[in-house]
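Next up is one chain by itself, shown in structure tokens, the form predicted on its own.
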Amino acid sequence: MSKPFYLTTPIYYVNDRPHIGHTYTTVLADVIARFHRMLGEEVYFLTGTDEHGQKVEKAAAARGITPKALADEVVANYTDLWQRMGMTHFRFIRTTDADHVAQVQRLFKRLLDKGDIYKATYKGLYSVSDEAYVTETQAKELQAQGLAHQLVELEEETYFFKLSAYQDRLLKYFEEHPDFVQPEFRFNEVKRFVEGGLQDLSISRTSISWGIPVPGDEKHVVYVWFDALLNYLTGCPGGAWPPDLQLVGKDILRFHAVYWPAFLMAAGMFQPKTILAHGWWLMGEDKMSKSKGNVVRPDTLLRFGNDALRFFFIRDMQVGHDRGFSLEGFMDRLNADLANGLGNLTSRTLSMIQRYRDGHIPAMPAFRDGATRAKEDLGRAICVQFPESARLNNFNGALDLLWDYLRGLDGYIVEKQPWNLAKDPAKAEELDAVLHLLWQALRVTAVLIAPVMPAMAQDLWSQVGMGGEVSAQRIDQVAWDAPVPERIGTIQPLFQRIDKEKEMSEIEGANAPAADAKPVLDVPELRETIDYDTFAKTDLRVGQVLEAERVPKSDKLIKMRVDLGFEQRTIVGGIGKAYAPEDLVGRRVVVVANLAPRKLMGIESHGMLLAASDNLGLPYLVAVPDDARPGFLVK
């Protein structure tokens, strides 16, 4: 008996309701799971939630409830949505599940006894948003992204995992398994990170209590990433290990492609076969983020139907790359490909069979012309190429192939003009050839789209007169020259064309804030208390912008020459989305004057401007009175 196909999504952190980023990953996993079932494989598809950590503990305390109560509340949003969308996961795992707690403690003790985990004191930078200690290199990356405010200096006793001991083994494994991470350019990023040197990894905390206790040392709780990654082991049914495919977002690839395989190496376990890293859905040029107020919720899109949303996700996103999202683009895609494309072709074809052959599906005559034979040959090729592309998890490419073919059939109908063939009894066989070809194309399409649009595929399958479940067909064995049933089924629209103006008006009205509503700010946590002497070391000066220009290839960075009274400096600021260069010239600003220089986009910046920030992340430069002169000390 062959090994089951084991597929996982990342487990989603319970700090918010699901948005389309979570939904996309889960839909992609469900499409892959359905595809492999149609290959005749047994499939285990795992998803769930990550529920421990400092952010959950603090959010719960702010509301006066327990962390578990908060997690239960958020988890219900995921389980309800996945049920409504018909996701086919075999288990929804939670890191608070008893078997997972036992699994984490068991492996922690095993690696502790083996010497791969040890206790020591850590002092360094900690990223509040990632709940992780960061290296100097990672800190510079966060600073370059304008996220330095998320870093705090911490010192605490902690257990470490000997990640540094696995650097060479990881690189050797990467070399021997070139498909371990896909796409290739993401794998190259992982390799460069490991080649840059690995430090031992802190995997416990004493500063929080919401987590899995370290066995034998309960003042420590297991660090959220060691805890979270082991869910794939906890949730694996017997005989299914290792995972065949693990889907992750590009932002958590390092955890899955570096830490996770190192943990498994230490435990002496087989590695996942492939980790597939997808990109982000963007609003404009920004990642969707609750703090930026640009999150799109799946319920907004599900008004057009579950299958429509699934189709858009898979059709529009090339796995591995980012993709911009707009409601207008979403509706344009559905109108073009579903209403005007497949829907219109289905309606025209079946209506002609009903009108010209009384609903009876004609057999293909022995003779057909070159145009018909060419479309047949291309249809047979699609039957092979679609599953081949899907096996490589390139469903976007597979749908491109199929929809190119369907568009070609519209041209074929115009060329053959079956409405004129029906008027001439001498051309009855030629009409039969056209109708049979179009019918076969729709039948094949129903099978091929079943993993992506299960309900619409079943509807199409029934309309062309086929019985049973389309999902029971072998997608890799779909034959072009299949026997035809006696009659077509009941004809009905596959997809109604969307009235964009009407829908946009309704969506914008539903999402509009109340007249007296105030924007909800995602206020950063208060940083650790410092004494006056520490604060006094910061030298804040009034400066005046003399020159300003945008940094090439950056939409955020502006290069400025700033007069500080005692000298002029070059300062690069990430304020380009809120201020135009010409509006900055002559403006007085507050400058952190004794900040160590650093390079941004190859330009050395000597200082930083003080700015506030709203919930959209836009900067507001601190205002300075006009009579304050460059060089004045701000205190």
Ligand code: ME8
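Just so you know, these numbers come straight off a predicted model, no measurement behind them. Each residue number is its position in the shown sequence, starting from 1.
Omitted from view is the form predicted together with this ligand, to which the following refers.
**Student:** Would you point out which of 347 to 355, 227 to 235, 490 to 498, 176 to 184 contains residues with a non-hydrogen atom within 4.5 Å of this ligand in the predicted complex?
**Tutor:** Checking each option against the 4.5 Å cut-off leaves 227 to 235.
**Student:** Just one of L327, I252, M85, A267 has a heavy atom within 4.5 Å of this ligand in the predicted complex. Which one?
**Tutor:** Residue within 4.5 Å of the partner: I252.
**Student:** Which of G379, G343, G279, P272 has a heavy atom within 4.5 Å of this ligand in the predicted complex?
**Tutor:** It is G279.
**Student:** Should E57 be counted as a contact of this ligand in the predicted complex, where contact means heavy atoms within 4.5 Å?
**Tutor:** Residue-level check for E57: no, no contact with this ligand.
**Student:** Using a 4.5 angstroms cut-off on non-hydrogen atoms, would V248 count as touching this ligand in the predicted complex?
**Tutor:** Yes, contact at 4.5 Å.
**Student:** Can you work out whether H256 and this ligand are in contact in the predicted complex, taking contact to mean some heavy atom pair no more than 4.5 Å apart?
**Tutor:** Within the cut-off, so yes.
**Student:** Against this ligand in the predicted complex, would D30 count as a contact residue? Criterion: heavy atoms within 4.5 Å.
**Tutor:** Flag for D30 set to no.
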